[in-house]
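Just one chain follows, in the form predicted on its own, and it is written as structure tokens.
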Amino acid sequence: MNLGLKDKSVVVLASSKGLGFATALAYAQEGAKVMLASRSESELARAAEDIFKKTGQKASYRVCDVTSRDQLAELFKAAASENGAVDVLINNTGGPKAGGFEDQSDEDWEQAFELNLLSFIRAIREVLPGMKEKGSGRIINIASSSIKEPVEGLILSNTFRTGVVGMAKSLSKEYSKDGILINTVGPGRIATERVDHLDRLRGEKTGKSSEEVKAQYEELIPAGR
């Protein structure tokens, strides 16, 4: 099935591994011009090589800490220069520090805000002018199932992922007239390094192995996996 993505300029944040990489790979398989971004150059190079081997498409990449306004600006400048004005933005980041309310300091809250909400705001700000000029654009925010139901022990994620939804709904009404569609995805448990990390933390608190924690969650999933 042709999704009409050939030669579209796509930026995927936090795309050297996990959901970000899988998303970038899917776009490359459709012939899109993909720009990868993460904090690790070695992981980006490995991801780009993997995409080329699987699709024959060359993916560009730039090292970018999404909490840095300057680095984000440079990333989108490079994407426009190499692949043309951005058609699709995939907002994505790693998760913030786990823990309950009393585990978090002011600094933890500030860091989570910059990582999981302000970075999305800044990235959207970068692509809006070009999308408005084209009269089209797609912005997809990768959040969490916590946007529907809070996840125990993830107060920071629960707070700021929900903030992403409020922002996206507001912007979708504001910019739909310009042909720009903005949506938020709330994935549940997917086998990524982040989920493995959370399982280990939960295991440490409950005296169980991460494998036991994983098995407990799998029992709650109809497919059992």
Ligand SMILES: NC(=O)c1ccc[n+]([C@@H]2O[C@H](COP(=O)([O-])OP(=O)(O)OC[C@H]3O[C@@H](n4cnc5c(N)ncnc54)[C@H](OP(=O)(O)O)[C@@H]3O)[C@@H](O)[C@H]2O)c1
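Sequential numbering from 1, following the sequence displayed. Here the structure is a predicted model, which is why all the values come from computation and not from measurement.
Below, we refer to the form predicted together with the named molecule, which is not included among the displayed structures.
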{"item": "Contact of Q29 with the named molecule in the predicted bound form (heavy atom, 4.5 Å)", "value": "no"}
{"item": "Contact of E49 with the named molecule in the predicted bound form (heavy atom, 4.5 Å)", "value": "no"}
{"item": "Any non-hydrogen atom of M35 within 4.5 angstroms of the named molecule in the predicted bound form", "value": "no"}
{"item": "Interface membership of L115, the named molecule in the predicted bound form, 4.5 Å heavy atom rule", "value": "yes"}
{"item": "Check all three, I121, N158 and V164, heavy atom within 4.5 Å of the named molecule in the predicted bound form", "value": "no"}
{"item": "Stretch from 124-132, 90-98, 76-84, 104-112 whose residues place a heavy atom within 4.5 Å of the named molecule in the predicted bound form", "value": "90-98"}
